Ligand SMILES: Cc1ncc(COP(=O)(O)O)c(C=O)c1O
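Take a look at this one chain, the form predicted on its own, written out in C-alpha cells.
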C-alpha cells in the first residue's frame, strides 16, 4: 500500500498574489460579570489544590484566560478585556495572528518535533538564517557574521550567553546592573538584582556578578578599575523591563560599548523584552547603532510559542569546540519545528506591517497623552518609555498595585513592575488599535486621578 505524500514544508513568505489578513480591530472591554467572575473563582480554588503555592498568586484572585485574538482576550466567564501586557511582552504581532496559526498548523501537519542537534529540521536552518540578517549592524550597511544557539526561554538564552562569555574570555566574572532581571535559572539568577529572588538560593549561586548603578558609566568605570582580570563580560538590558521600564540616558549603551572595548570585556545585550520592534526599532541597540558581542532574544520572537536564542559575533562563538556528536550545551527542544515556524511567520508579519515603526509612532502618542493627563496627579512620579514599552512610576507601590486591580475590574490588563511594583507597565501588542490604546490611556489617567492624587502642582 502506497503511503500518502508528505505535505510540503511551510513557506513563511507570502506570495505576491496573496492579500495579507488585516490587523484585527481591538474591541473595547465588555464585562458580563464582576471581576473576577464565578468561573475564575472556581478555577482558583481548583488550582490551589494542585499547584505549588509559590507559582500563581491567588490573592487577589486572577482572571483565567479562555482565548485571545489581536489585543483582546476573553476569560472563562466570557468577559472581554484589552491586553496591555502582550502576555509578558510576547504577543508582538497580536494574539493568534492568522498567519502564525497557519504556520503552526502546516508545520505540525508535517513535522511537530525533530532532533534539533542531531538530525535537524529544515525550518531550524531557515530561522537561523533569518535571525542572522536582523543582527544589529551599527554604522555598517551589512550585518556582521554571526552564529546562534536556539533554546526555549529567555533564561535559557542568558545561560548560553554566560557560558559563551566564559569560553571566549576565560573569565567567570560578570558585571550586571541594579534593577536587572535576566531570569531565574541559577546562572541567570546570579545576574538578577532582586534579593527576594536570590536569597533563598544563595547557597547555590556562584556570586560571580558585580552590580553597577544602571545608567551610570562612571560606576562602570570604577568597577572596571577595581576588578582586574576577574570580569569577562557586561550583561545589560538596553531598557530595563521588570526593573520598571527604565530608559537610560542616550549615549549610555554606546559608552558601555567603549568601556567594554577598553577593558577587554564582551558586551551582552539582553533584548528578550525589548527585541523585535518593542521599542520602535528591531532591537533597542539599534537606537544607538551599537553592535553587541552577544544578543539574547525571546518573548516577541514567535509571538506566543516558546523559543529564544543567543545570537553573537562569529568570532566570539568560535570559542565553542566543534560538536563531535555530544553538544556541550543543548536541550531536547532545541530548534523545535513548530516554534521555528511560528517565529518565521511572526518576523514576516512584523516586517511587512513595519511594526517597529508603528510602535515608535504610536508609543510617542501614548507617552504624550499619558504625560498630559497625569501632569497634575501628585501620586505619579514619572511617565517614561520608548516605543510601546512604557512605565508609569507611582510614589508608592500600593498606588500602582491598587490601580492595576481597579483597571482589571474595568477590563484592562496591566502588570506592575519596578521596585516593589511601583510602576504600571504598558507593553501591549504592537498591533493594538490606536483608538483602543488611547481609550486605555484615558482609563489609566482616570483611575490614578481617583486614587486621590489629582491636584494642582
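Positions refer to the first chain, counted from 1. Here the structure is a predicted model, which means the values were calculated and not measured.
We do not show the form predicted together with the ligand, though everything after this point is about it.
The partner is not drawn, yet in the model of the complex one stretch among 197-205, 280-288, 116-124, 176-184 has residues with heavy atoms inside 4.5 Å of the ligand: 176-184. If you check the ligand in the model of the complex, you find a heavy atom from every one of 242, 270 and 273 within 4.5 Å. Taking the partner from elsewhere, residue 299 is found to have a heavy atom lying within 4.5 Å of the ligand in the model of the complex. Proximity of residue 237 to the ligand in the model of the complex falls within the 4.5 Å heavy atom cutoff. Contact check for residue 154: a non-hydrogen atom falls within 4.5 Å of the ligand in the model of the complex.
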